[in-house]
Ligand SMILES: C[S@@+](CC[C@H](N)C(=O)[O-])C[C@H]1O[C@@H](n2cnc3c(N)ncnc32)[C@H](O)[C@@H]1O
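Form predicted alone, single chain, as structure tokens, below.
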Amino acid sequence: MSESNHPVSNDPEIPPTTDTATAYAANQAWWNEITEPHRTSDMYDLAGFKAGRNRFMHRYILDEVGDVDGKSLLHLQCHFGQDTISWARLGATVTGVDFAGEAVDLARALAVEEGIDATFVHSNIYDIGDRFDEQFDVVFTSYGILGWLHDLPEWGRLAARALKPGGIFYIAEFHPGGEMIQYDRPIMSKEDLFFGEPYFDPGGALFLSGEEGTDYASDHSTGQDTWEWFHSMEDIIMALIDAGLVVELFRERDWCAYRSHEGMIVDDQGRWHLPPDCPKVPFMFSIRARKPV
């Protein structure tokens, strides 16, 4: 899981940038530094994972992807590999890709320690090229990954390219609608439920200051600035359709997989909700799309 880094709202004094090289370099530095705090964090619960806990605490992902036993699976933006290894435990032959070298090194070490046969590739997904052409039954990605990507049409094409004919692409992700809600103060009532982030692409990546707030999974503050891109549901769905994939499932959910905003309330299934007097907002979505035979 690679949740988006949203400790604070965008700095209005710094305009969007189209300098993707600088943005990716900053983001890569952030993910490299945050890997160690994530390894020891309660959210990632590495001890529980090593004891056999599956990373997919919300059953819908397993139900919507289906049985992976004996299938080949590519995990895009895999962070330090817990989800990837979880798929391997379910019988898949797995490959994970991530642009943070520290995360990939940890993923490789974790796979060896757990006795899991897994391949981890250190690469920006846009640099994969023809390496994985039609090799996988499943291409999987989840939780906080799209905000780190600048080109969704190319993302759709590389996912489709890696799939075998008849294979499926699956994404579980934070909904752009929920991402619009302000992050400046706790949401205690409906009066706190107002927009603070864009829905449509503002024309480049937006700046997030590393000097304010902490990481989503730990109390660690890197001080490293980051940049994020915003995408609408249209951008996401059309990237897959234009790549030739056939969308066969689309779901929206009014809860979040983690406490994305202060003031949210957790239920007995680990799902985070807004306070009861707030209107329901889409916080999560999932899509399954198939490559035609």
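Just so it is clear, the model here is predicted, and its values are computed rather than measured. All residue numbers are counted from 1 along the displayed sequence.
There is another form of the same protein, the form predicted in complex with the named molecule; it is not shown, and what comes next is about it.
Discussion item. Considering non-hydrogen atoms and a 4.5 Å limit, which listed residue (124, 221, 93, 135) is close to the named molecule in the predicted bound form?
Written reply: Checking each option against the named molecule in the predicted bound form, the one that comes within 4.5 Å is 124.
Practice prompt. Consider the chain as shown here, without its partner, and state which of 120, 170, 216, 207 has a heavy atom within 4.5 Å of the named molecule in the predicted bound form.
Written response: So the residue touching the named molecule in the predicted bound form, by this definition, is 216.
Worksheet item: Has each of 199, 260 and 283 got a heavy atom lying within 4.5 angstroms of the named molecule in the predicted bound form?
Response: Spot residues vs the named molecule: no contact at all.
Practice prompt. From the candidate stretches 160-168, 199-207, 185-193, 96-104, select the single one in contact with the named molecule in the predicted bound form, where contact means a heavy atom within 4.5 Å.
Written response: Heavy-atom contact with the partner occurs in 96-104.
Worksheet item: Should residue 253 be classed as touching the named molecule in the predicted bound form when contacts are defined as heavy atoms within 4.5 Å?
Response: Looking in the predicted bound form, residue contacts with the named molecule do not include residue 253, since no heavy atom lies within 4.5 Å.
Practice prompt. Classify residue 149 as contacting or not contacting the named molecule in the predicted bound form by the rule of any non-hydrogen atom within 4.5 angstroms, answering yes or no.
Written response: Looking in the predicted bound form, residue contacts with the named molecule include residue 149, since a heavy atom lies within 4.5 Å.
Worksheet item: Should residue 110 be counted as a contact of the named molecule in the predicted bound form, where contact means heavy atoms within 4.5 Å?
Response: Close contact is absent here: in the predicted bound form, residue 110 is far from the named molecule, nothing within 4.5 Å, heavy atoms only.
Fill in: residue 142, heavy atom within 4.5 angstroms of the named molecule in the predicted bound form
Contact check for residue 142: yes, within 4.5 Å of the named molecule in the predicted bound form.
Worksheet item: For 41-65: residues with a non-hydrogen atom within 4.5 angstroms of the named molecule in the predicted bound form?
Response: Stretch hits, in order: 44, 55.
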